[in-house]
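Okay, so here's just one chain, in structure tokens, the form predicted alone.
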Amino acid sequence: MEPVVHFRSAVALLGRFPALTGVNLDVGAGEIVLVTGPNGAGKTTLLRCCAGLLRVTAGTARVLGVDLVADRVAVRPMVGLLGHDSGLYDELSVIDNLRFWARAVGAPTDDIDAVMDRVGVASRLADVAVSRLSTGQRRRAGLAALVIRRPSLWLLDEPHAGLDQRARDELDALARSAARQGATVLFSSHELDRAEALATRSVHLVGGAVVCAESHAEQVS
């Protein structure tokens, strides 16, 4: 079976700067893989390449069977990225954002209220514009938008940042549930104690390349 993520000697540029310098990485279905490394190692770039948002300029890069070098846009409906930006439209209400993102990928909208409740977005915030949310509320709404889309690949960039303890625990539970159902989770974090408890294995980036990998005890059960 083809890996969900398959990179070989993959290179990506930010301007003229090589943010990825030859990444080799395979990630299979149902895995929860932590990407670690110092600032500037290429963690965010790797996630954004997997999301089809940044171009891979050399090497091989395939995600969910899509050749990112040839057509990176085609992968976007199948993945969900929760990054430093929530990806929500500021002028729209929370619930209108969730309906928009569900419909954009053909996902059902009948469980929006349940998802909002699970991630801690109170019903009173449903009709509030995203621009009026606090940082934590915006992060939770962004997580709700990801869950609603039901992506095959979750891409999480420092996902616990800005969340309270309840929301952090719920995010981890949602990631494990998605993995049990066959989705793949690839995420970066500097909060290693929590992140390593969530991950089934980790890979370490230095200078835009994977330098080592480590397996963890199975966490998806």
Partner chain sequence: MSSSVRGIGGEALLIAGKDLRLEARSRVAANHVLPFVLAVVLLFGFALDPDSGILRRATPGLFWVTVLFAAVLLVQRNFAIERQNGVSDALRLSGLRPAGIFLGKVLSLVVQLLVVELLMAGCAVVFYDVRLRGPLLLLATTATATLAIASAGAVYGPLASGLQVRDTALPLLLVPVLAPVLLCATRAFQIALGEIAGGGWPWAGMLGIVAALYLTLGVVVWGPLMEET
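Computed from a prediction, not measured in an experiment: that's the story for all the values here. For the two forms, the rigid core is made up of the largest set of C-alpha atoms that agree within 1.5 Å on superposition. Numbering follows the first chain given and starts at 1.
There is another form of this protein, the form predicted together with its partner chain, and it is not shown here; the text below is about that form.
Look at 24 to 32, 171 to 179, 185 to 193, 50 to 58: in the predicted complex, residues with non-hydrogen atoms within 4.5 angstroms of its partner chain sit in 50 to 58.
Heavy atoms of no residue among D111, D117 and G136 are located within 4.5 Å of its partner chain in the predicted complex. Its partner chain in the predicted complex comes within 4.5 Å of no heavy atom belonging to A122. The closest heavy atom approach of R76 to its partner chain in the predicted complex falls within 4.5 Å. In the predicted complex, D71 stays away from its partner chain, with no heavy atom inside 4.5 Å. In the predicted complex, its partner chain sits within 4.5 Å of a heavy atom belonging to L81.
Contact residues in stretch 98 to 116 (any heavy atom within 4.5 Å of its partner chain, taken in the predicted complex) are F100, W101, R103, A104, V105, G106. Once the cores line up, the CA of D113 ends up less than 2 angstroms apart between the shown form and the other one. After superposing the rigid core, the C-alpha of A74 moves by less than 2 Å between the shown form and the other one. Once both forms are fitted on their core, a CA shift of 2 Å or more is seen for R103 between the shown form and the other one.
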